[in-house]
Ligand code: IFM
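One chain comes next, on its own, written out as structure tokens in the form predicted alone.
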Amino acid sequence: MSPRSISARALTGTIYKGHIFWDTEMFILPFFIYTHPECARAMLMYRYHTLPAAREKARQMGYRGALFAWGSTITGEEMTPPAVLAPTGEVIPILSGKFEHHIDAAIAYGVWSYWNATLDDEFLLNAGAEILIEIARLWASRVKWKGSKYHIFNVEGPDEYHEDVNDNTYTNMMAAWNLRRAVEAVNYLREFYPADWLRFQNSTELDSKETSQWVDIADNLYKDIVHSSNLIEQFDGYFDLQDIDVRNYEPRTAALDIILGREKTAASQLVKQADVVMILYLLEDELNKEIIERNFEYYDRRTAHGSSLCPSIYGLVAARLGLIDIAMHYFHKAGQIDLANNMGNASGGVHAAALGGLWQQVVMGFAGIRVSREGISLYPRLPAQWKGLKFSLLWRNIRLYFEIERDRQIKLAAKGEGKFKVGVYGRALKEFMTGQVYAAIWDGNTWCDFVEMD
């Protein structure tokens, strides 16, 4: 049987016909990585199984490497329709399959996150590294040199209100991140699996000149991180568009792009879903707090939340910033997507990725969990309505149990064998042993370092 993954509505409904999108790796996969890694591995093996179709799509579009289908099914062929017929009879082109190449970034992020959390070298050797390499090749063939930088032209970021744009910052920054992780994977295999590396190098026809090019592209890929006043421009020319504050249209009972119309929406700074704000979450370590705060404030006022994927990411970033009232607003909004049918299409099935985003908002947002190559850090900011929060994560075959008491302490226990590193976010991680219980105390101002409990 061919490997399977989880579609946008899982097995609960027929909308999207069971097709698999970027939702799977970016919103659903993290839950399984840290709770049931065997399932996460199976989901990623589905992408490995569809590599031939991804290579063929890249070839047909004139690129190297692999470009995964925006809407994928069993074979991995592109299932996104070129157009749909509106109730008015208007033919509306669907450009996602042509321009939303950030699907590759999501898959690479999933591969790396799974391997980092499990150190499953067998997966890296036999599937993961090949995916990373083929995605790196896609980006390397996708860029164009102009002026003093590499650029990615004719693309569509997560914000689907703006199609066929140049230098979408999310896409560019994630592409650079992908290229660097591919180089790290290659270097890791070369160092720790030299015999397997020779076989792998021959099968992929990879040489040092190619990986050196990836580093050069990652270092010189255009990204307007600070345009002015610490603002990140979502794509080239975004700030020249008409500025619209979504709050001026509240309350409303219809999607904002429906109220304004497609042309006016595309000519404005309205954002469908987290785009720059996704960067604030995924690439937090590449930015400073002032940039994160400024951009969250700016894009929060311009985002229409026209996707079920959106509220949880805004709530997550708000929680990390300590904007708890805003975070709770989005927590409720995300939780009611199906319960209150606030997208108007719950009859077509549960929004599985929205549920995955909700889990991320709780664990990565309110609990403040961050994951690095070294270990796990956290900085909880719980709502006043919550007395505490309990959850567990699997980290490199060790089960970590977190028990957070708001404004009092974080208790940490671990089951398994070996050592692990955990710490308070913003400080050095400390190495601990399984079988012991540790605690970090709230001193009235901040979380103190973990110490062993008596």
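Not measured: the values here are computed from a predicted model. A residue's number is simply how far along the shown sequence it sits, counting from 1.
FYI, the form predicted together with the ligand isn't displayed, but the following is about it.
The ligand is not shown here, and in the predicted bound form it never comes within 4.5 Å of any heavy atom of residue 442. Although the partner is absent here, residue 32 sits far enough away that none of its heavy atoms falls within 4.5 Å of the ligand in the predicted bound form. Contact annotation for residue 309: at least one heavy atom lies within 4.5 Å of the ligand in the predicted bound form. Proximity of residue 16 to the ligand in the predicted bound form falls within the 4.5 Å heavy atom cutoff. By the 4.5 Å heavy atom rule, the three marked residues 21, 70 and 273 all count as contacting the ligand in the predicted bound form. This chain lacks the partner; the member of 284, 160, 121, 196 within 4.5 angstroms of the ligand in the predicted bound form by a non-hydrogen atom is 160. Stretch-level contact analysis of 58 to 66, 22 to 30, 391 to 399, 414 to 422 against the ligand in the predicted bound form, using heavy atoms and a 4.5 Å limit, identifies 22 to 30.
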